[in-house]
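Only one chain is given next, in structure tokens, and it is the form predicted alone.
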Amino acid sequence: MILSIESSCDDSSIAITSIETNKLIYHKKISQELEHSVYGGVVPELAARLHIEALPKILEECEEYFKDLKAIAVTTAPGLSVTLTEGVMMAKALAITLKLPLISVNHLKGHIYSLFIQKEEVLPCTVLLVSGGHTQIIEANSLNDMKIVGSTSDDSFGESFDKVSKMLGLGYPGGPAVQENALLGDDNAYAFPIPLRQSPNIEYSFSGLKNAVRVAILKEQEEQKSQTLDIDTIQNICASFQKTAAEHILMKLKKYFKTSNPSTVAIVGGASANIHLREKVQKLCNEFKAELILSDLQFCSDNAAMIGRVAVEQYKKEEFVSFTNIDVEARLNNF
């Protein structure tokens, strides 16, 4: 078995995965959402302190599996450097104590392999990665052959939801809050501009859309003579923003489909839990006769199960790192 550790942001998670069967033997995650919600977003130093408390508590439940472990895996990039370090320190201590090899896992590969938790991998596949830190179209051909063909130049899809939620006073995390309000709103109430609509490039940008939402909120606050908007306005803004953000994703994805004609498509990352986006991508896949595969909702956000699933493939290829060479790369945006 492989013990995997995930601490790239605000989720403390450990998993145990069978090398032979890919079966998830053990998995637990402790979220920090409540602690960070009062600040409207993740505070790195607070997240690191909470990892120090949570990870050892989870590890205590894994001691019965120590005798069957063949390796220790840990997320090393990308993420917050102070939180990644907590996971790496634990992984090094375990590997030294148990005399086991270390596996360094790329967090982005983890999201892709969330598709294959307790399953065999299905590659090649075109992947839309949408999370709090990334928005990318990836050609995933194999474990070590992945190419980014489209990315965001500023904010990510998930990050824009968090920021809109914060502007509307809906709290953190923003994705579920915006989605919930959007369900009850009129998505035609505000004509927000679709970013890069005239650009021929396959690229994303959400800063302009975010600013358009900010301007609309300020206008409504002035008209309503209140910093707190009425619920109908909030719901309409959420619905219109979500529709426009998804249309931006779809327009560029369709442009890619026309030139590449992928047979298998996937959506991964924390923001892949957005139901509206899933429905829109499914329709696009139907149009181009492509199969859409999705992660279970419980594995969309950061978790150690996906890290363990990547680690199984790396273990088979003997992709180990030394105790002295393992390090964190906070801003890594590729493979």
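Please read all numbers here as calculations on a predicted model, not as lab measurements. When you see a residue number, it is the position in the sequence shown, counting from 1.
Note that the form predicted in complex with a small molecule isn't included here; everything after this is about it.
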Among 101, 176, 150, 208, which has any heavy atom within 4.5 Å of the small molecule in the predicted complex? 176
Tell me, yes or no, whether residue 86 is in contact with the small molecule in the predicted complex, where a contact means a heavy atom of each within 4.5 Å. no
Contact flag, residue 107 vs the small molecule in the predicted complex, heavy atom cut 4.5 Å: yes
Residue 155 versus the small molecule, in the predicted complex: is there a non-hydrogen atom within 4.5 Å? no
Can residue 113 be called a contact residue for the small molecule in the predicted complex at 4.5 Å between heavy atoms? no
Which among 265-273, 50-58, 280-288, 66-74 is in contact with the small molecule in the predicted complex, heavy atoms within 4.5 angstroms? 265-273
Would you say all of 187, 244 and 247 touch the small molecule in the predicted complex, counting a heavy atom within 4.5 Å as a touch? no
